[in-house]
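Only one chain comes next, encoded as structure tokens, the form predicted alone.
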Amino acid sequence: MAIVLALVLVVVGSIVFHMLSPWWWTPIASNWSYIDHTLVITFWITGVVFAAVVLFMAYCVYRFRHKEGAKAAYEPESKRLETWLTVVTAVGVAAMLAPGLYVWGQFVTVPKDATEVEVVAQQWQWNYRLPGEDGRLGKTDNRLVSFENPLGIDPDDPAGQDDVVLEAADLHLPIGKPVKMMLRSIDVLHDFYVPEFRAKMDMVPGMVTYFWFTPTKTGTFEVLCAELCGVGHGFMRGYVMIDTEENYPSWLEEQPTFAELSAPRQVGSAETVEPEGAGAQ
């Protein structure tokens, strides 16, 4: 009876803890409420199965407890039980997979009016690239990555000259505009994750992965790496700032382009100022 009581208390305690728990999801800041709905469906299915299995165990412990003179009935096979378990399990798994597959289809089907933004991960910082006045990103190649060209932008591609480059800086995005996040890594596995966006994706060296979302709330949101990427993994953080439509253009104009960053310094030009006292020597 003590075991039966303990099993029942586990179920009741789990339900009470869920209802009174102070730990809830962060407020959503994008269009992906579908992901919240999918998690809720999965939670209820697994929760019902958990309660049913534990309560069934409690019933079996009580119903088939030891009694003087009682003998166990040996039944090695039960086709009826196997059929029920197969059907119930199949229905439960399908009920969890179907919403996820539906949402995944939306997650990777990018709207035609979405703006492309590139996220480049490296140990242990976030870099970004936004399209310039031509509205498109230039070509890149990881073999071109260097100290002077940290994102590996192709200098021979005219489309990349006006690309906005943000190295180890915060990303700004306008509210209400769909964005296609193109993700790549130049060293090891990373994962771009903003909890409030309900959006994340692995970044695999040699591949370009992507997802899209539409910001629905202005503010500052922390970027985390959700894939163990080395000793500095816990410090690989940054921020995405969602601006109003009025503030975003002014911020964008202040950011450097690839052409500006790669332009050689003008040494000995007319603007160079001579050190004080140099003429006396």
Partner chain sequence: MVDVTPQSDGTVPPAEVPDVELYHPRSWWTTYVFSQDAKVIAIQYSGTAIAIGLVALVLSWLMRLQLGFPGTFDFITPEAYYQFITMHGMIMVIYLLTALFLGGFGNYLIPLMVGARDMVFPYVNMLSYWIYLVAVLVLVVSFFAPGGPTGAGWTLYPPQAILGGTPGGQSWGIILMLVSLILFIIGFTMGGLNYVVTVLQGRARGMTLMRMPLTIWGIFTATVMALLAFPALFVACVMMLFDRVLGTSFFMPALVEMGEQLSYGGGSPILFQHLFWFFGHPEVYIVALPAFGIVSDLISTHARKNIFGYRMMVWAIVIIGALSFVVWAHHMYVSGMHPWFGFFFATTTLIIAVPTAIKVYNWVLTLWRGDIHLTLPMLFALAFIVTFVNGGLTGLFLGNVVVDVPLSDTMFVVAHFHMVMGVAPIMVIFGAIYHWYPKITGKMLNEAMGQFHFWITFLGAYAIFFPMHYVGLVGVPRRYPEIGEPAFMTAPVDNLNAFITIAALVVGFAQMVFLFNLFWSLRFGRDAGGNPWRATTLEWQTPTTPPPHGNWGDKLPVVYRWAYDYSVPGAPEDFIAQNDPRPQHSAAHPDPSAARPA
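A quick note: this is a predicted structure, and the numbers were derived from the prediction, not measured. Residue numbers count along the first chain shown, from 1. We call the rigid core the largest set of C-alpha positions that still match within 1.5 Å between the two forms.
FYI, the form predicted in complex with the partner chain isn't displayed, but the following is about it.
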Just to confirm, with a 4.5 Å cut-off on non-hydrogen atoms, which of 252, 28, 54, 241 contacts the partner chain in the model of the complex?
54
Of these, 125, 115, 161, 209, which has a heavy atom no more than 4.5 Å from the partner chain in the model of the complex?
209
Picking from 101-109, 170-178, 153-161, 128-136, which part of the chain touches the partner chain in the model of the complex when contact means heavy atoms within 4.5 Å?
101-109
In the model of the complex, does residue 42 have a heavy atom within 4.5 Å of the partner chain?
yes
Residue-level question: is residue 33 within 4.5 Å of the partner chain in the model of the complex, judged on heavy atoms?
no
Taking any heavy atom pair closer than or equal to 4.5 Å as contact, tell me whether residue 233 reaches the partner chain in the model of the complex.
yes
Might residue 148 be said to contact the partner chain in the model of the complex, defining contact as any heavy atom within 4.5 Å?
no
Heavy atom within 4.5 Å of the partner chain in the model of the complex - qualifying residues of 77-94
77, 78, 81, 82, 85, 86, 89, 90, 93
When you overlay the rigid core, is the Cα of residue 70 off by 2 Å or more between the shown form and the other one?
yes
Superposing on the rigid core, is the CA of residue 168 displaced by 2 Å or more between the shown form and the other one?
no
Hey, does residue 99 budge by 2 Å or more at the Cα between the shown form and the other one once the core is superposed?
yes
